[in-house]
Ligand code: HEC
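Coming up is one lone chain in structure tokens, specifically the form predicted alone.
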């Protein structure tokens, strides 16, 4: 398991050059939206709007994204994305930019 703490300490700005924000936004709205609803208000998966995610911090939400939630339909995305991408998505969802 890669350490999200290390990435959190480094911060995402140093890693920003490696990320494609537009591709990550599309992934959130299309791939995540296929279960969480295209408006991210919920569907098969729960609501992903800021007010419903308030109990998460960025690293905790990134961990859910990377490792999934056992016993639920939430799959682990770790085979398909990096820690930095998961942290970017978590920040995107937690700041309300996805709305």
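Numbering follows the first chain given and starts at 1. These numbers come from a predicted model, not from an experiment.
The form predicted in complex with heme C (HEC) exists for this protein as well; it is not shown, and the discussion that follows is about that form.
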{"property": "Distance check, residue 44 to heme C (HEC) in the predicted complex, heavy atom within 4.5 Å", "result": "yes"}
{"property": "4.5 Å heavy atom contact, residue 36 to heme C (HEC) in the predicted complex", "result": "yes"}
{"property": "Residue contact check: residue 88 to heme C (HEC) in the predicted complex, 4.5 Å heavy atom", "result": "no"}
{"property": "Heme C (HEC) contact at residue 81 in the predicted complex, heavy atom, 4.5 Å", "result": "yes"}
{"property": "Heavy atom within 4.5 Å of heme C (HEC) in the predicted complex - qualifying residues of 56 to 91", "result": "56, 61, 64, 65, 69, 72, 73, 74, 75, 77, 81, 89"}
